[in-house]
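A lone chain, given as C-alpha cells: the form predicted alone.
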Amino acid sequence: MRRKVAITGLGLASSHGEGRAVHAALLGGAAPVLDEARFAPYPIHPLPPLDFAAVIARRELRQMETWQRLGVYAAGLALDDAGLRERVAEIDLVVAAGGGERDWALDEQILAAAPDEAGRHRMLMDGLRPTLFLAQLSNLLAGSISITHNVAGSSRTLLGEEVAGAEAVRVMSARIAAGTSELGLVGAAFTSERLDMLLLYAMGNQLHRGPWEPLPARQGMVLGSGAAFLTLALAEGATAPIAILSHIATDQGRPEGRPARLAALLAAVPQRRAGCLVISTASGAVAPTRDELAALGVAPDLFSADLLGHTVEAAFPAGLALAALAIAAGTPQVLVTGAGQWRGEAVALLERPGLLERTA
C-alpha cells in the first residue's frame, strides 16, 4: 500500500512578497503586481525587494545570480515554515532549474553582427568569461541551497521547463511513499527580469503584448518572478501537515498529443469529489492553455499565472503551494493542472488531512 505523503512546509516568494499570509490572501481575489513599462510591449510580474543578505552569506551572494538567490531564499522559508532547521542533515533535495543568465551585451553584439556559424563560435569563445560557464550550470541552485541551509541529504536537479517542476515534486513524493526518503525539500525559482528569457520567448511569439489581460483572454505568456519550495514528509507521524498530496502524475511527448495525454492524466485522478477546487497553472501560451482548459471541461477556479505570472519551472510547485494554502483555509480537496509551453503535462490532487480516513 502506498504510504501517504504530506506537505508540511511552504516557501513562497513572488511579486506580492513572501510567506504564507501574503499568498493566502490572494485566494480571495487580488490585483496582480505588474511592470508594464520596463520591457514594453511585454508586461511582467516583477521581483519585490527581498533581503537576500539576511539569509545568504556575502561570499555566496556575490556568486549567485538573481534566480539562484530567489530559490535559496524560498527554500529557507519552507524549512522555517515546517520547523525543520534542526533536521536539515536528514533532508533530501530535488530542484527544477533552467540555465543561468546570459551575457546580454555579447548576445546583442552577435545579433547585430549576424555572423555565420563559424563567426558565432569565434565571438562566443572570445567574448564569454570563463566563470559564465559555471553560472550556466543548473545544479548550482541545489548546491547553493545545501551550502546556505546545510541541507545534507541527497541532491538531484531536473531540467525541462514546466514539466521539470512537476516531475521534481513527483519524484520526491514517490521516494517518500516508497520509504527511500523520510524528508524532502523540492521546488524551483525563476526571474522574469531577464532580457535573454524575454528575447527567447518573444522570438518564439509566445509572449503577451500590450496591456495585461487575465487568462484565458490573453494570447501569450506574462512571465513572473517567483520561487516555490515545499517540504514533504510521510503523512503518518507528521506533526502539523498542511495537506495530503494524494496523487501526482506527469507525462510528456509531442505537442500534437497533448490533449490525449491531459485527458488520460485527468481520468486517472482518484476520488475527485463534487466541489473540488481547480487551480490551473496554464502558461497563457495559446496551444497548451487551450488544450489544458479543453481537457478540464470546466473553467478552473483560479489561474495561478494571473496572480503570480508564469514562473516556468516554478509554475507547478507554486500551484501546489496555492492549493495547500486553500486546504489550510478549509477547502477539502484541490486539483492542480499544468501543461508546458513546449511540452509536459501534470496533474495533482491535494486533500485535507484526515479527509480520506473519514470518507473511506
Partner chain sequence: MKTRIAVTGIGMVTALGFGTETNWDALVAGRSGVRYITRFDTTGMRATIAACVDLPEDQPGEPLSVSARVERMGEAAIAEALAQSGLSAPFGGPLSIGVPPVEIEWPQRSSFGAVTYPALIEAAQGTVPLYEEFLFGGAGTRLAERFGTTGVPQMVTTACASGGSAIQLAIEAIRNGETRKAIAAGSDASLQPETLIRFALLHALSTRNDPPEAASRPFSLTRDGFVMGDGAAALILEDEEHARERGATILGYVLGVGEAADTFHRTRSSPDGLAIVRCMERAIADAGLSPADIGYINAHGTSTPENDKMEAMAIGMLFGEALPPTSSTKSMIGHTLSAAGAIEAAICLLALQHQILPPTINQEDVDTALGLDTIPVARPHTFRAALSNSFGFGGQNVSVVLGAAD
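Computed from a prediction, not measured in an experiment: that's the story for all the values here. Superpose the two forms; the largest set of C-alphas matching within 1.5 Å is the rigid core. Residue numbers count along the first chain shown, from 1.
The protein also exists as the form predicted together with the partner chain; that form is not presented, and the subsequent description refers to it.
At least one heavy atom of residue 156 is located within 4.5 Å of the partner chain in the predicted bound form. In the predicted bound form, the partner chain sits within 4.5 Å of a heavy atom belonging to residue 64. Mapping the unseen interface onto this chain, residue 60 counts among the residues with a heavy atom inside 4.5 Å of the partner chain in the predicted bound form. By the criterion of a heavy atom within 4.5 Å, residue 193 is excluded from the residues contacting the partner chain in the predicted bound form. Partner proximity in the predicted bound form, defined as non-hydrogen atoms within 4.5 angstroms of the partner chain, places exactly one of 271-279, 239-247, 79-87, 118-126 at the interface: 118-126. Looking at the partner chain in the predicted bound form, residues 219, 291 and 295 place no heavy atom within 4.5 Å of it. When the partner chain is considered in the predicted bound form, only one residue from 99, 210, 214, 257 comes within 4.5 Å through any heavy atom, namely 99. Within 4.5 angstroms of the partner chain in the predicted bound form, the stretch 138-173 places a non-hydrogen atom from each of 138, 139, 140, 142, 143, 144, 146, 147, 150, 151, 152, 153, 154, 155, 156, 157, 158, 159, 160, 161, 163, 167, 170, 171, taken in sequence order.
After superposing the rigid core, the C-alpha of residue 80 moves by less than 2 Å between the shown form and the other one. If you fit the rigid core between the shown form and the other one, you'll see the Cα of residue 111 move by 2 angstroms or more. Relative to this form, residue 62 and residue 123 approach one another in the predicted bound form, with their C-alpha atoms ending up at least 3 Å closer.
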